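Only one chain is included here, represented as C-alpha cells and corresponding to the form predicted on its own.
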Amino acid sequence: MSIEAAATTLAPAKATAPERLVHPLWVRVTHWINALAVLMMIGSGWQIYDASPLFDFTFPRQIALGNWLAGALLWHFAAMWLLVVNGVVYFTFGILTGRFRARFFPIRPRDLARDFLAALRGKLSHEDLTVYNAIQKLLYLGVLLAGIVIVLSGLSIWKPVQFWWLTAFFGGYNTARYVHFAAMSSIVAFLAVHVVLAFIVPKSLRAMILGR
C-alpha cells in the first residue's frame, strides 16, 4: 500500500453537513394547533350542517363531532377561538419574521405553468423543502384566504344582528351559509391533498415534526 493510500485510509471521515432548518419552532407549534382546531371545526360543522342542510345530503354521524346540535355548537365555538388566537400568532410571526414574503412570494404565471406541467408529469421537485414551488405557494395562500373567509362568514352567521354589516357583505344570512360551506369544502380539499403529499414526500412530515 502506498503512503498516499495509507494516509487516505487512516484520515478521519469528513463530518457531514448539518441538516438545514426548514420550519422554526413557532411554525411547527402553530401548524399542529391549527390542524387540531380545523379538524374540530370541520367535524362539529358537519353536525351543525346536518341540523339544517343546505343540499340534499347530510354527513354521517360517525364522522361528525358533537352528537347533537347543542354539543356540536360547543365544540365549534371552542375550536373557533383556538383557531382565531392561533391564527393571529401565526400571521404575526409570519409577517414580522419575513417568512410569508420569503416563502409565498413572488408567484409568476410562467412559474405556475411550468410547475403545473411538471406536476402532471409527476416530476415536480421536492428536494429542497426550504423553497416552495409555485403550486405550493398558490395552494398555501389559497388556504390562508379560505381560513379568513370561513372565520368572517362564520361570525356573520353566528351574530347576524350584531355583525349585520358583515352579514350584508356576504349577501345576507343564507348566502353567508353557502360561502361558509364553500370555504369549508376548499379547506377539506386542501387537507386531502396535503395529507397525500405528506405520505408521498415523508421527509416533509419529518420536517414539520423535528424542524429539520
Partner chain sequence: MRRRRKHPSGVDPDLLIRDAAKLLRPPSRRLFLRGIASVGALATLTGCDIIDGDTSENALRVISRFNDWVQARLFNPHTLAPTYSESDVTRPFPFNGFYDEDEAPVIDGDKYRFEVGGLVDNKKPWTVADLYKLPEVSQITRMVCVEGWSVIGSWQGVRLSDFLKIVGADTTAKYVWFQCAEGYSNTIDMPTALHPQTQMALKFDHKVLPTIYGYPLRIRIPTKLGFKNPKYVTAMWVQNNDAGGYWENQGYNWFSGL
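Residue numbers count along the first chain shown, from 1. Source: prediction; values computed, not measured.
Form predicted together with the partner chain: not shown, discussed below.
- Put simply, of Phe181, Trp32, Trp158, Phe169 only one has a heavy atom within 4.5 Å of the partner chain in the model of the complex, and it is Trp158.
- Interface residue among Ile107, Ala78, Ala119, Ala102 relative to the partner chain in the model of the complex, by the heavy atom within 4.5 Å criterion: Ala78.
- The three residues Trp46, Phe199 and Arg206 each lack any heavy atom within 4.5 Å of the partner chain in the model of the complex.
- Contact between Gly147 and the partner chain in the model of the complex is not found at the 4.5 Å heavy atom cutoff.
- Under a 4.5 angstroms non-hydrogen atom cutoff, the partner chain in the model of the complex has Pro53 among its neighbouring residues.
- Although the partner is absent here, Arg28 is not a contact residue: none of its heavy atoms lies within 4.5 angstroms of the partner chain in the model of the complex.
- The partner chain in the model of the complex comes within 4.5 Å of a heavy atom belonging to Leu65.
- Contact with the partner chain in the model of the complex, defined as any heavy atom within 4.5 Å, is confined among 124 to 132, 138 to 146, 67 to 75, 94 to 102 to 67 to 75.
- Within 4.5 angstroms of the partner chain in the model of the complex, the stretch 159 to 177 places a non-hydrogen atom from each of Lys159, Pro160, Val161, Gln162, Phe163, Trp164, Tyr173, Asn174, Arg177, taken in sequence order.
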